[in-house]
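Taking the form predicted alone, here's one chain by itself in structure tokens.
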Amino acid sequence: MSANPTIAAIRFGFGLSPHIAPPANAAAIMAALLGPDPVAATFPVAPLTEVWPLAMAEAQLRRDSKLGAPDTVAHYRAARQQNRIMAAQGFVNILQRAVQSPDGFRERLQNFWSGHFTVVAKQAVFIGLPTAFAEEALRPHLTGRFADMLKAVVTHPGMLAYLDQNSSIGPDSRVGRRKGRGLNENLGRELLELHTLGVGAGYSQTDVRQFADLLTGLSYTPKQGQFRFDPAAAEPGAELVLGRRYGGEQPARLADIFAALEDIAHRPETAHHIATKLAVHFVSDTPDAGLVTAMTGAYMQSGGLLPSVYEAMLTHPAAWASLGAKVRQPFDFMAASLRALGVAPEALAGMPLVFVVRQMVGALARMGQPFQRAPGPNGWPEAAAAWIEPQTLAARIQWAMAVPGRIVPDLPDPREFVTAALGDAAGPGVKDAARQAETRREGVGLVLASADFNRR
């Protein structure tokens, strides 16, 4: 099937908008992706240099408040509120990007890679950490080499904190011998199993342990949240990972870890794993084998240059098959709803904090996808069955019926909205529902709650 603007907007972006023309074809999608990224500056999120000090301040004031001094308790509550406001603003601006950007593919890629390299705040004070991680380790590399993204990931305190890398000390290192501390394999295992080679790629437990040995020394300063490489904590001697030897120099070097990451990033197993995950996320839970083969080949031929992989996906006929093979996940559904309604930036920016927390962030949790709280390092499930459950579907319907009218008081005529939201993908059933609705609120809600809208 040839390129279709409706498919382009829904499958490869956050949906249609009455104010933003959909991309005409694969070339238009790629041109936008490789162009400027203005929405990142228009809708900024707090960087690590702001997130970490605020988290440390809240944590310290919480400890101090246990002493019972009234002024200390008040300061703690103020710091906690400031942290929550920062996180809520980060959520709103991520949503703004999805709703307002003419380059929907970039925002979908940001969403995809944030799931591939999942980071979750283990403590409430670090509520802004996953957003800072995605902005700093992932977004700058969306159009670069996978190997460079991988290096940024393993040197960002967000990932190191999530996978407990600070507790991974070479048992025979100076720090390990002095403090009696040992290895933590979390980062090494997840890098091989989830982030690069994939499950069943032929590596062994010995490879995992040797890789974890090699990664010792990767760390961050607990108080400042700054990356550091500590040779004194690195396991001495060379490590054999997937048949190649790394390290052995004294003192240990970060360059040896980067060399291993480069080699792993260029392996055919990694190419196939990344290609498959992209195809599953964007196109189908069971993607066409030829599509995955084309994307894998593009990865290997380009040396892991991600735009080459995206282009191979976008130019393959299987990528333009009829819509409906995927179920929109809750954040995708919410962003697509607001985008279809043409919600203005000031309307989203003006939402009260309590509304954001209860009707937006809270609604995502009720739909089964609490914001930046994936259940494990493997991120959110892709299979449609994971998102088609009575309780979570009921939450979608409730949100569709109740919330849009509170953000857009003057809702559109449902008979016009069904076309604005779905274009030529609107089936006769949803068109009839829109025509027969007794009120605009009901009609808009029925369109947003329809199977046509909730699939892509």
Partner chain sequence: MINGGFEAPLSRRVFLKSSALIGCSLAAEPFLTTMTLAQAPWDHRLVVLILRGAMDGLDVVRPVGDPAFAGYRTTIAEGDAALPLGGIFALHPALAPLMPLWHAGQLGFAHAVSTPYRDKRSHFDGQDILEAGTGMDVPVAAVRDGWLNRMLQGVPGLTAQTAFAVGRDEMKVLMGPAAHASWAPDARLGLSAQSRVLLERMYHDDPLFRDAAQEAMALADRLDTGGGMGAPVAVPAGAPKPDPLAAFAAERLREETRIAAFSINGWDTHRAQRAVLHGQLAGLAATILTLREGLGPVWKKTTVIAMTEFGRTARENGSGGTDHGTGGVMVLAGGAVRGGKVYGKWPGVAESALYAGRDLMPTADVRAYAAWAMRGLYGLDTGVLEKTVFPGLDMGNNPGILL
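Residue numbers count along the first chain shown, from 1. Since the model is a prediction, treat every value here as computed from it, not as a measurement.
Only in words, not in the display: the form predicted together with its partner chain, which the text now covers.
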Pick from Gly362, Pro307, Pro345, Pro140: which has a non-hydrogen atom within 4.5 Å of its partner chain in the predicted bound form?
Gly362
If we test each of Leu242, Val292, Ala147, Ile127 for a heavy atom within 4.5 Å of its partner chain in the predicted bound form, the one that passes is Ile127
Partner-facing stretch of 147-155, 69-77, 119-127, 95-103, counted where any non-hydrogen atom is within 4.5 angstroms of its partner chain in the predicted bound form
119-127
Output flag, Pro44, Met56 and Pro412 jointly within 4.5 Å of its partner chain in the predicted bound form, heavy atom basis:
no
With a 4.5 Å heavy atom cut-off, would you call Pro377 a contact of its partner chain in the predicted bound form?
yes
Indicate whether its partner chain has at least one heavy atom within 4.5 Å of a heavy atom of Gln398 in the predicted bound form.
yes
Contact label in the predicted bound form: Leu34 to its partner chain, heavy atom within 4.5 Å:
no
Partner contact for Glu193 in the predicted bound form: its partner chain, 4.5 angstroms, heavy atom
yes
Contacts with its partner chain in the predicted bound form, stretch 182-203 (heavy atom within 4.5 Å):
Gly182, Leu183, Asn184, Glu185, Asn186, Arg189, Glu190, Glu193, Leu194, Val199, Gly200, Ala201, Tyr203
